[in-house]
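One chain is shown next in structure tokens, namely the form predicted alone.
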């Protein structure tokens, strides 16, 4: 068992756990949390959960929600010049290991419960782990485990929508009249892009714009029918009219088949909550100027934020520009600094709860 936080992270990163195949990593993490003095188990869907409670009746709860799954990609795990390489070091086993280390080391005040969760399938459109635990907890504060940089705090994430386009057309001679299935698919993509550009005309900030990516497009033929398939991903701003957009996308697609799925609304907290102020104070105590930010991706904050309706931020060491890349790595010293920041935050938040509630 690894009481050394770096060995804890290295061991976790060494276990492959792409979405849908997290069980070995969840078992490892639950065993590590148990050895560190937490009451730990793997739940029905594969989430690794560790709990610490202060003395007396629990009246306040803090949930540290990270994710244990990664995207596919084998990156040899190695330490080199103060850097740990491996898939998940940044997104997001580094932040998750930060949660485990800090939660196992900090004093837990009477009446307080700390819950660390390594959720499954965050990298998939399902967010199965977060959706499973959302109705089972009602925390007073929530910290999401995502790379913000050890000196940064993320306050919000854009929403998401995925679209699958499919069109079939009878085979015809290339010299004949009429557009091919491939040409119609391209025309739909161009029309959709133009519609999105019009939506973004008055939106200067990237967080407020609709961002769209053509993830994949291909054609195939069986000798009788031509088929064109395309996959599109969108990142959505707050207050986005999803129903109107889907209707427009379908109208532009004509008689093509359109599947819209994976929708998550954007979610944003603010820097005036007690939790954000705790991070501000902790980082300043360590001599750093805190960096508060919003991100153009999505996270499990989008899932649990609207349900729990409590102060929530995302935090974790690592450079998010390395997410999903073949060179994913984390600077060990920044990982250790993040653990210290989080320990201070948990202490500050607990002190604040104690002053609000004389029963603590």
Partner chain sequence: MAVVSCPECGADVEVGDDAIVGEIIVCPECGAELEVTGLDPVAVVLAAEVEEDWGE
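Note that the structure is a prediction, hence the values are computed from the model and not measured. Positions refer to the first chain, counted from 1.
One more form of this protein, predicted together with the partner chain, exists but is not displayed; see below.
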Report the residue, out of 131, 113, 195, 277, that has at least one non-hydrogen atom within 4.5 angstroms of the partner chain in the model of the complex. 277
Of the options 45, 51, 294, 30, which one has a non-hydrogen atom that comes within 4.5 Å of the partner chain in the model of the complex? 294
Interface membership of residue 284, the partner chain in the model of the complex, 4.5 Å heavy atom rule: yes
At 4.5 Å between heavy atoms, is residue 123 in contact with the partner chain in the model of the complex? yes
Interface membership of residue 157, the partner chain in the model of the complex, 4.5 Å heavy atom rule: yes
I'd like to know whether residue 207 contacts the partner chain in the model of the complex, with contact meaning heavy atoms within 4.5 angstroms. yes
Only one of 113-121, 145-153, 221-229, 239-247 has heavy atoms within 4.5 Å of the partner chain in the model of the complex; I'd like to know which. 145-153
